[in-house]
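In structure tokens, the next block holds one chain alone, the form predicted on its own.
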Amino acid sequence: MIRWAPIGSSKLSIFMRELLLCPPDYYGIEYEINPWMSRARGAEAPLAQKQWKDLHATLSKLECKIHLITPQPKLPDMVFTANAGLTVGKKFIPSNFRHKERAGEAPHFARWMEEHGYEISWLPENLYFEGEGDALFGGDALFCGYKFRSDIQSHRAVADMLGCLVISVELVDPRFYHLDTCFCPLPDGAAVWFPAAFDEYGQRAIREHISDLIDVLPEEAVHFCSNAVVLDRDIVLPEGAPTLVAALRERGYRCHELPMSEFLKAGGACKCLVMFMPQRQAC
């Protein structure tokens, strides 16, 4: 666990309603870079298209402003826009992908964000960082996961760029290789999480900073139920987590459960397919 001291702090609304998505025109399992991916099993393209369209339709009904980036051939994981970078205010920090298979996505996202008025702030090339997949605001802090995809050294650079408190937490289960697969902050100050995905110090850091935690059962965690899009009192999440859904509804949240089977085959679900523009207006 590492804490970077804040340069400045401002508690503003975390959950913006402008979102960036990428149609799954070229989506497929073309390589294997996490435990979920299997080229032999593959993904059913027509079903993936339907599931993505259902997600798009659900978000549209929740009055989100949805932006679409044009998908590119030979970049099948571009559909997972959460991994493209991190947006705070009008500043966009593009990802430095660890795997060469995904590195080609970064210029396309940076160009698109620049064309839409964002200031692009690149990290040093030697620092791996995978955007919103490993960086989520909770309360007055930016929680950043590291080990499988992002480097802990990148967190200090992000903290300096944004002027915010960054709390680094180590991920220990390769199935939950990004923070957003096992951790989901809520607007009431609580958070959904799968504790076993973190090392002891990471668990302690999260518990110290977030007192109200909703534990996810192991059998529901593997459905990526923590990989949810939170829009005020509405939560869009993968189906397969009845216990978590019941707990959220008791707290007054409206849960929208969607089938995500074809994206789970690549190690992604609802939140992986969505990037907030911005995730927060300021630190």
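Note that residue numbering begins at 1 and tracks the sequence as displayed. These figures come from a predicted structure and were not determined experimentally.
What follows is about the form predicted in complex with ligand ARG, which we do not show.
Asker: Three residues, A82, G268 and C272; all within 4.5 Å of ligand ARG in the predicted bound form via heavy atoms?
Answerer: Every residue of the candidate spot has a heavy atom within 4.5 Å of ligand ARG in the predicted bound form.
Asker: How about G133 - does it come within 4.5 Å of ligand ARG in the predicted bound form, if we only consider non-hydrogen atoms?
Answerer: Output for G133 is yes: heavy atoms within 4.5 Å of ligand ARG.
Asker: Even though the partner isn't displayed, in the predicted bound form is S168 close enough to ligand ARG, meaning a heavy atom within 4.5 Å?
Answerer: No, S168 stays farther than 4.5 Å from ligand ARG in the predicted bound form.
Asker: Even though ligand ARG is not shown here, does H155 get within 4.5 Å of it in the predicted bound form, heavy atoms only?
Answerer: H155 lies outside the contact set for ligand ARG.
Asker: Is T181 close to ligand ARG in the predicted bound form, meaning a heavy atom pair under 4.5 Å apart or at it?
Answerer: Result yes; T181 sits at the interface with ligand ARG in the predicted bound form.
Asker: Sort through 253-261, 237-245, 56-64, 34-42 and report the only stretch with a non-hydrogen atom within 4.5 Å of ligand ARG in the predicted bound form.
Answerer: Single hit among the candidates: 34-42.
Asker: Answer with one of F109, F137, F198, Y177: the residue that has a non-hydrogen atom within 4.5 Å of ligand ARG in the predicted bound form.
Answerer: Filtering the options by heavy-atom distance leaves Y177.
Asker: Listed by sequence position, which residues of 97-125 have a non-hydrogen atom within 4.5 angstroms of ligand ARG in the predicted bound form?
Answerer: Heavy-atom contacts within 4.5 Å come from R102 alone.
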